[in-house]
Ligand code: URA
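A single chain comes next, written as structure tokens; it is the form predicted alone.
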């Protein structure tokens, strides 16, 4: 298949496309034994041999898993504090990485893949991939406050809002929210902006992938239909 060199390097897990261009310009990339420094080169990933710093590279088969993350696992590939990571829950997880983050005590839908391009697309708010959460709050949420969170609040210097906010219990302690945002601790910080703390948080779905019938700690591969839907812009 014909593919741009920088995209090939990104797909092979070498770096981002922008970083790949830097590697090319630094003369660290070879095609069929010859150093190249020009950007925009097209290669045949089935015939051409590409090396970075003398090491041959190839595009890995893309894999996609949906995990229902349990409490007690950090959402990283490695943890400098020695805590358990979500990678322990998926066998043969080498070269996979989590798409976005969930707090150590937040549960729910988490995508694991080796597809960096798709991951970047899913995480950018402009692509319209919603995240749905169920939260247990430290005190009841009033309808006025729910409406305020939908209109928007100032968070970290930016106007931020939930797409939807629904109070799902009579006592007001349990709510469901949806958002396009993926910033760290976004849901918790939104509620903290109005003086409410989140005691429990579960992500019901991410980009249309639902973990409703999956036990905590279980995972499954995505179907071709699900993968194609993820790649849609909206």
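Computed from a prediction, not measured in an experiment: that's the story for all the values here. Numbering follows the first chain given and starts at 1.
The protein also exists as the form predicted together with the named molecule; that form is not presented, and the subsequent description refers to it.
- Among 117, 84, 103, 164, which has at least one heavy atom within 4.5 Å of the named molecule in the predicted bound form? None of the others qualify; the residue that does is 103.
- Of 209, 52, 31, 187, the one that lies within 4.5 Å of the named molecule in the predicted bound form (heavy atoms): It is 187.
- Which of 36 to 44, 187 to 195, 164 to 172, 52 to 60 sits within 4.5 Å of the named molecule in the predicted bound form, heavy atom basis: Result for this chain: 187 to 195.
- Although the named molecule is absent from this view, report whether residue 133 comes within 4.5 Å of it in the predicted bound form, heavy atoms only. Residue 133: yes, in contact with the named molecule in the predicted bound form.
- Message: in the predicted bound form, does residue 66 come within 4.5 Å of the named molecule, counting heavy atoms only?
- Response: No, residue 66 stays farther than 4.5 Å from the named molecule in the predicted bound form.
- Message: For a quick check, can you give me the residues of 189 to 217 that have a heavy atom within 4.5 Å of the named molecule in the predicted bound form?
- Response: The one in contact is 201.
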